[in-house]
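Read the single chain below, which is given as structure tokens and is the form predicted alone.
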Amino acid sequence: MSVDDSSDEEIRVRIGDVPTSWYDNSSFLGYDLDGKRVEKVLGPDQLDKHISKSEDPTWWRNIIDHLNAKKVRITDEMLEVIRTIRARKPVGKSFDPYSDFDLTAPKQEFGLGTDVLPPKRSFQPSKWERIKVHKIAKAIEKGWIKKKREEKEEVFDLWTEEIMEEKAGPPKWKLPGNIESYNPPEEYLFTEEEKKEWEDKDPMNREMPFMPQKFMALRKVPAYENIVKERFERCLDLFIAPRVVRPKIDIDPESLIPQLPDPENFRPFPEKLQMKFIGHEGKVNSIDYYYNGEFLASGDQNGVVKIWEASTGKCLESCEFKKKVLCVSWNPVMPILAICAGKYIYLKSFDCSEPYEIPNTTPSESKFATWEWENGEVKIKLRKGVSYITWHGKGDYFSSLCKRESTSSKVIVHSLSRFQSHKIFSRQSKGGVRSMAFHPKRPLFFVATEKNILTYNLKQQLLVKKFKGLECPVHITTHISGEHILAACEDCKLLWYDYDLSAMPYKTFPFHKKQLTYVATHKRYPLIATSGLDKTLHIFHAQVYQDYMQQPLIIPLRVLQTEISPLQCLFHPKQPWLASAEGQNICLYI
């Protein structure tokens, strides 16, 4: 069997005596002859090794050649060579270690010498070579043969950084002027008032560190008393703050801006004002769509609640309350509208929607809320005024927010089927509650305080997670997937949180110039909308993928200008329409 010499094999990785441990945290093994990186060949993990051991009896034959960055399978011939080398035997049966020597040859072939002396011409220089060298020397002397210019190859250090740092010398001292002279002109000398003013000032506030003086001769000038101190301070500055000359990089500022895709490729999304819902005499505080998108409910500052036909803008029903209505919210499953007016929460159905009568149930005693049932409608009385309501996705539970209540009783969770109310905060809870939201799939409840977003598990009744990094949130909502949380804050920022990734914001959108008022997500389309006091509505395309390794795609699409600052914006459940509460009107954008 013939075997090639290993020294003749081409080796890709050329790192010399550099330890391979230097490349443990890198994605490459080293460099080849051309200076290019040689990527690592990843071997199987422990699970793959275990599977291969159980399935392939010859798994041990598969090895990785790190010097050539490739996988090798050991053959029978290779095994035979390895066994022969380990046994210290010649490689191959036909290999003769004494093939270069002939024991029967004469002794002069072994370099032992003979009795015959070498001829004299072997010690003298050649005559013809001397003549040829003389001709070449004469041609060089006459200029017939010119020496070729050697082109110096540009040598650079392969292992250094691209930007070379050059140490700059120390800055030069400022040359002395007339004021530093031992015989300065008269106008540079201080008067008595200027001398007194200079002496009264703090040394740090003096314009000059010395007072100009006049001497008749240079030999009469005394030694400078601060020379040692100033020299020491200069040496100390040069030692502590070394200066480096950095080459200026010429970069086009426009090239740093990322190229966003064309918004036209992400249609449909709201683009223009289609109609206005006119009829309220007071400022509209809250709007909400019916679960199938057929109706739109609104409540204003005068305590008037109106039911509109979403497609035409026609007012179908209207009712009045004694207190101003701060929030209206449709049940996501049943035709029930929750209305917040003062200390009461009204749960009622309307004739325009499907007639529905809430079944009567004996309410449980609670010191936080009192339930009253009358003619298929429910009235819940709380201890303080209610400002916000949100429903759970299944329609049985809803929560209310009373901002003037004590900290532990601000958020109350109600059960419609049981007529029960209970709080979720303990007495030790601190911080004002700003907003709240239910998780669409899991029994989780999000509560936004002034600095954090607290996540409670309603089944276990425990605080499971806390999100940080926000400043005075106005409203929070969850994505339809439930894995992302959006918070609109008073510091003009929209924060995007990933529930499983981190407790800090995943993305921050500082597009609004003034405080945000609301953030809304669409249930069917990958759309997000925000409203702010800067009289704008921002529309975003937010595509969330099921693959956790792929990051969400978030692209700003359109900025809609409004006449009045919108207090709330809301997407249609089925269509890519956006409704906003602007003053006494409700505007619909399609």
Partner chain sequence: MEVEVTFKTSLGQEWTIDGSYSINTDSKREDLQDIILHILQKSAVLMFTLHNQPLTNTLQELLTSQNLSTEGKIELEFFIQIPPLKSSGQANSGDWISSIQNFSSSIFVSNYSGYIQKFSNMNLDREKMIFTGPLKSFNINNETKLICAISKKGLNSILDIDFNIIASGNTEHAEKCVWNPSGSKFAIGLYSGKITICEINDNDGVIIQGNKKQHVDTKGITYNIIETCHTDLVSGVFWPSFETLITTSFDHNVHQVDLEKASISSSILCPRSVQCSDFSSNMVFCGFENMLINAYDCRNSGKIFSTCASAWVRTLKIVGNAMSVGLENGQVYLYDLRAFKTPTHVLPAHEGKVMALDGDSEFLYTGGADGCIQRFTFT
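Residue numbers count along the first chain shown, from 1. As the structure is a prediction and not an experimental result, all values here were calculated from the model.
Below: the form predicted together with its partner chain, not depicted.
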Using a 4.5 Å heavy atom cut-off, which residue among Gly313, Pro440, Pro363, Pro212 comes into contact with its partner chain in the model of the complex?
Gly313
Taking 4.5 Å between heavy atoms as the contact cutoff, choose which of Gln515, Asn302, Thr84, Gln274 touches its partner chain in the model of the complex.
Gln274
Which of 118 to 126, 485 to 493, 339 to 347, 314 to 322 lies within 4.5 Å of its partner chain in the model of the complex, heavy atoms considered? The stretch 314 to 322
Any chance Pro176 has a heavy atom within 4.5 Å of its partner chain in the model of the complex?
no
With the cut-off set at 4.5 Å between non-hydrogen atoms, does Glu180 touch its partner chain in the model of the complex?
no
Can you tell me whether Pro268 touches its partner chain? I mean in the model of the complex, with a 4.5 angstroms heavy atom cut-off.
yes
Partner proximity in the model of the complex: Phe295 to its partner chain, non-hydrogen atom cutoff 4.5 Å:
yes
Across 573 to 590, which residues bring a heavy atom to within 4.5 Å of its partner chain in the model of the complex?
Lys574, Gln575, Pro576, Trp577, Leu588, Ile590
